[in-house]
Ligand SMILES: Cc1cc2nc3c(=O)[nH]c(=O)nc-3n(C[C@H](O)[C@H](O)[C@H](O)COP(=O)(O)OP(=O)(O)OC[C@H]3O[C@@H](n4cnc5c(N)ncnc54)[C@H](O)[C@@H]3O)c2cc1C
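Next up is one chain by itself, shown in structure tokens, the form predicted alone.
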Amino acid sequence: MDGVMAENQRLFVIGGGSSGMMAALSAARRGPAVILLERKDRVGRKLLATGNGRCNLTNIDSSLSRFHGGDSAFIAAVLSRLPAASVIDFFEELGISCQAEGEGRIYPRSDQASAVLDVLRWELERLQVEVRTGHEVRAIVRKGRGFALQLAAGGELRAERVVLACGGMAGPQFGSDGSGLRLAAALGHRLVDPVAALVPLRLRTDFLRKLKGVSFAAYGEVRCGNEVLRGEQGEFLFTDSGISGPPVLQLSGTAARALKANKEPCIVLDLFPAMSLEELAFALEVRFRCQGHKSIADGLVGLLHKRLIPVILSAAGIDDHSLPGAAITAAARLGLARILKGWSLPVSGTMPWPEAQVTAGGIALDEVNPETLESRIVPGLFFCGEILDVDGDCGGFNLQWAWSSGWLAGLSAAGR
């Protein structure tokens, strides 16, 4: 290991994920010697899993509505330093040809996350960033105007400036186990309680085994009582413990925050969003009149997934599924229409951290300077990426945050 004096002149980036690599690159482009510490045996492991292995680099429409956290002005200030167009230019310069797909998502033309990681690693090497894998930092201690980084394996490194880019708690199998949050808290930073986001939800119901694997199009909302917190439309999927699908992932952070606040969120599904309640009730009346010789359950075949039918009928209070459709009362039809337009499913929790794509919560933003991402509490300490109280929707927004915040933190730490 280099001598203490030599180490003390350097900038250390702790965490070799997307934001950490970007921070190391932007700092190295400004001149100082940069050392990147990664606790796993290689950098960029989580990056390889993004976009189902294709790497959804960013999104053309990186509007503030797609990001969530403690302060929208803070998020806007950071994103403006390296917006989506600049991210595309950055990777094009490194050799990644980009292509736009639906909903503004940007992918490499090669459809390979490994290619993105390759060019980042080559650029780290070109800029002479020293990458040390298998280096887990157990504690960061203030020493004079610098820091002592105490390693889990023993020994100590000295640094003048530190960029903390350890991620949150989502995907611990890739290295984000909450250790960075603990390091920040030990230095006096306040944490917004982390919850899993972009994750399937658990439901408190007794029919899930019957519906495992059933998918259907719908509009869904997270509600707490009569308060609508957020809505999304798309393909939903029942699992053996709850519900998943792209809309659920988008809604999950909102539901998780509500649970953390001791509220009782529900996913309320509208299976016929293009129809009003009155239109649907009339359509059911016509259907049962024309197919009155069939049972109520059989009369709904072709309108609903067959495995959904008995569950929906029971939820509507129709217990005799063999009753002829012609015998159903107007009140029962209306009750069925109400369930189809507003099927309320109580949320009991999220799936565990290994199934989450991102962490909602983290270091409180009011303790970080948005112009530099330097700590307002500990001078010389900078933050970037998922460790901060910022999370994005599916579609490249979380990687956009990683690139923007990493770029700013590295530049600021190098120029301090």
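Keep in mind that this is a model prediction, so the values were computed, not measured. Start at 1 with the first residue shown and count on from there.
What comes next is about the form predicted in complex with the named molecule, which is not displayed.
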{"item": "Of 175, 299, 247, 265, the one that lies within 4.5 Å of the named molecule in the predicted complex (heavy atoms)", "value": "175"}
{"item": "The unique member of 284, 328, 137, 187 whose heavy atoms fall within 4.5 Å of the named molecule in the predicted complex", "value": "137"}
{"item": "Partner proximity in the predicted complex: residue 38 to the named molecule, non-hydrogen atom cutoff 4.5 Å", "value": "yes"}
{"item": "Any non-hydrogen atom of residue 402 within 4.5 angstroms of the named molecule in the predicted complex", "value": "yes"}
{"item": "4.5 Å heavy atom contact, residue 66 to the named molecule in the predicted complex", "value": "no"}
{"item": "Non-hydrogen atom contact residue 368 with the named molecule in the predicted complex at 4.5 angstroms", "value": "no"}
{"item": "Segment that reaches the named molecule in the predicted complex - one of 24-32, 343-351, 373-381, 47-55, heavy atoms within 4.5 Å", "value": "47-55"}
{"item": "Joint contact, 17, 20 and 358 to the named molecule in the predicted complex, by non-hydrogen atom at 4.5 Å", "value": "yes"}
{"item": "Sequence-ordered residues of 299-323 touching the named molecule in the predicted complex, heavy atom within 4.5 Å", "value": "none"}
